[in-house]
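Only one chain is given next, in structure tokens, and it is the form predicted alone.
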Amino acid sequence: MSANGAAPAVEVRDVSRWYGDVVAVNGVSFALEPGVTSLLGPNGAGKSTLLHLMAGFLRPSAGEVRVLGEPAFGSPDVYRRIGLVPEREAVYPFLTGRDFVLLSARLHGLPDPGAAADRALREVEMTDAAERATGGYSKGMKQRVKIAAGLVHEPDVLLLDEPFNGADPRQRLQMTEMLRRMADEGRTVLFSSHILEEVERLGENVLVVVAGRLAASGDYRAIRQLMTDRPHSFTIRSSDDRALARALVVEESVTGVDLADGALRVRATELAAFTTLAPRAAQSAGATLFELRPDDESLESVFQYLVRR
């Protein structure tokens, strides 16, 4: 249950999915509340399988997937409230962009499919190209028209598989703003991506899937903070790097100091403690700090660590 006592928008309970001897998803459990969550993992990790399980396209081999309080598989009422944007280029090249989105609106039985299609195309900024055949679209344009088809019925839960593929920087910014707006409206958005800076920027809540298992979940910064079996790394620039290095190397929490390329590379066991220790060490060394930057607080560092362990 969520904090207000309501069922989570999406609940995955000890779910596995296998194909013969191949295990794609193995004992995964998590719950999603309204907002934006990112699904991160290498190719073949099971991300697409998880998205199709939540969309109700696949039956779990074991466990249970519930969306909006109902079983995801075999529930037409749930399908009407879910939008899925697949990774593959699932567009018909002979249809115009508007026809493609209109087809989705009609399949959902919307009372005014034309108006719904036009609204969805405006949402993804594809109105100007709506009457062109999708076969002539760029990869980024195909992505946007797929998203329009996925949200034409205004779903409560939107699942997107690699939605930023092929998008240029302006399109990524527009898509980021659109997904944030949907989250602000109380919808649940889950997207997978290999573009780590987009994941870091858009979804602080992260699900990391490795080899079919859930390796970590939560705020990626909090996940990194819990990693105590290897030190944190910092880059420091100061007015006297050598004096500062001598002051730091005697500290118990500092496990390594290197001076190279006009900067100090320091490894320490505790992130928060070092950010207060470094200024004190600089003061005692008579040095002025110009820069103190953690090198491994990005989502990429978290992901690489979880894949290796």
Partner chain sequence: MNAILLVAAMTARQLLGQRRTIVVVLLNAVPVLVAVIVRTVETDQSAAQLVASPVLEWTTLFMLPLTALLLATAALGGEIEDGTAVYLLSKPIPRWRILAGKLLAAWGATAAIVLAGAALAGAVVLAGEGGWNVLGGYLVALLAGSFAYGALFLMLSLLTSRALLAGVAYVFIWESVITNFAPGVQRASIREYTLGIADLASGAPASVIDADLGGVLSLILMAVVSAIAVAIAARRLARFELSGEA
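For clarity, every value in this text was computed on a predicted model and none was experimentally measured. Positions refer to the first chain, counted from 1.
Keep in mind that the form predicted together with its partner chain is not shown, yet the notes after this line are about it.
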query: Are all three of 49, 59 and 103 close to its partner chain in the model of the complex, meaning a heavy atom of each within 4.5 Å?
result: yes
Within 4.5 Å of its partner chain in the model of the complex by heavy atoms, the stretch out of 275-283, 63-71, 40-48, 250-258 is 40-48
Using heavy atoms and a 4.5 Å limit, would one call residue 79 a contact residue for its partner chain in the model of the complex? yes
- Interface membership of residue 86, its partner chain in the model of the complex, 4.5 Å heavy atom rule: yes
Is there any non-hydrogen atom of residue 115 lying within 4.5 Å of its partner chain in the model of the complex? no
Is residue 99 one of the residues lying within 4.5 Å of its partner chain in the model of the complex, judged by heavy atom distances? yes
Answer key: of 91, 210, 167, 120, within 4.5 Å of its partner chain in the model of the complex (heavy atoms) is 91
Contacts from 131-147 to its partner chain in the model of the complex (any heavy atom within 4.5 Å), listed N to C, are 146
